[in-house]
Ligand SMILES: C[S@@+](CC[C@H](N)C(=O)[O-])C[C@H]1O[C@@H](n2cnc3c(N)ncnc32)[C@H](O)[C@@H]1O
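Taking the form predicted on its own, here's one chain by itself in structure tokens.
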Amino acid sequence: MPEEMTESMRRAMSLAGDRAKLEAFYDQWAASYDEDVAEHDYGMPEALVSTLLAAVRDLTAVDPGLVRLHGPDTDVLDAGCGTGQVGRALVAAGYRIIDGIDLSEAMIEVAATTGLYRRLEAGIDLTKAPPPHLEAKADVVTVGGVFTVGHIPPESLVQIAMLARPGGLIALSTRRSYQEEVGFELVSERLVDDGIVELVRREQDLPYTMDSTGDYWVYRRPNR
């Protein structure tokens, strides 16, 4: 892994998707997470939200009624919200109703101090089907920094799509190394072909951290 990564970043990417190890690791990292990523040109949150906004512009150009996907009344779920980095970018973009979920209780505690979120919930495993109170509730779901090496498989897009209402959007990031290692693009194509999601927009090689670019994807949950 690149030398520019902190030791925490290297450790995070070596956990092989083990839920217990990931939860314990992020509980320990929560206090210094924001400082660590700030030192490494963390461009992911802004790139993710800018890609989301571009997708909404494309959709509303065809169907003005979809303006509900961007604004102060839009229900947003920040899945894998961590300390609130993506939440800050969402608020800067004009979103106001934002809920957050994460595996780590300590990360959620830090996110709560930002005042950005309406509701926050820890202990949510994005590799599993969502609990009933979260299923199909959000107009927009953001998933930043979760599809990365050592975290969740690309097939978890199936469970994450269940968080969005029919017609809702799912915006996510994929770190370049993750995308190449697990074949995310092939899984994405299969899920689109199977009608699980519709691909609305993809931006390639945008900023992620100083050691890696990322791709940014916006999907739509079909209206059915």
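From 1 onward, residues are counted along the sequence shown. Just so we're clear, the structure is a prediction, and the values are computed from it rather than from any experiment.
Below: the form predicted together with this ligand, not depicted.
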request  = Find the only residue in L69, L59, A161, M44 having a heavy atom within 4.5 Å of this ligand in the predicted bound form.
outcome  = M44
query = Given that this ligand is left out here, which of A111, L103, L90, L77 has a heavy atom within 4.5 Å of it in the predicted bound form?
reply = L103
task = Give a yes or no for F184: in the predicted bound form, does one of its heavy atoms lie within 4.5 Å of a heavy atom belonging to this ligand?
result = no
ask   = Even though this ligand is not shown here, does M107 get within 4.5 Å of it in the predicted bound form, heavy atoms only?
value = yes
inquiry  = Against this ligand in the predicted bound form, would L116 count as a contact residue? Criterion: heavy atoms within 4.5 Å.
reply    = no
inquiry  = Please determine whether Y178 contacts this ligand in the predicted bound form, using a 4.5 Å cut-off between heavy atoms.
reply    = no
task = Name the stretch: of 90-98, 119-127, 133-141, 69-77, exactly one has residues whose heavy atoms fall within 4.5 Å of this ligand in the predicted bound form.
result = 119-127
ask   = Out of 53-87, which residues reach within 4.5 Å of this ligand in the predicted bound form, heavy atoms considered?
value = G80, C81, G82, Q85, V86
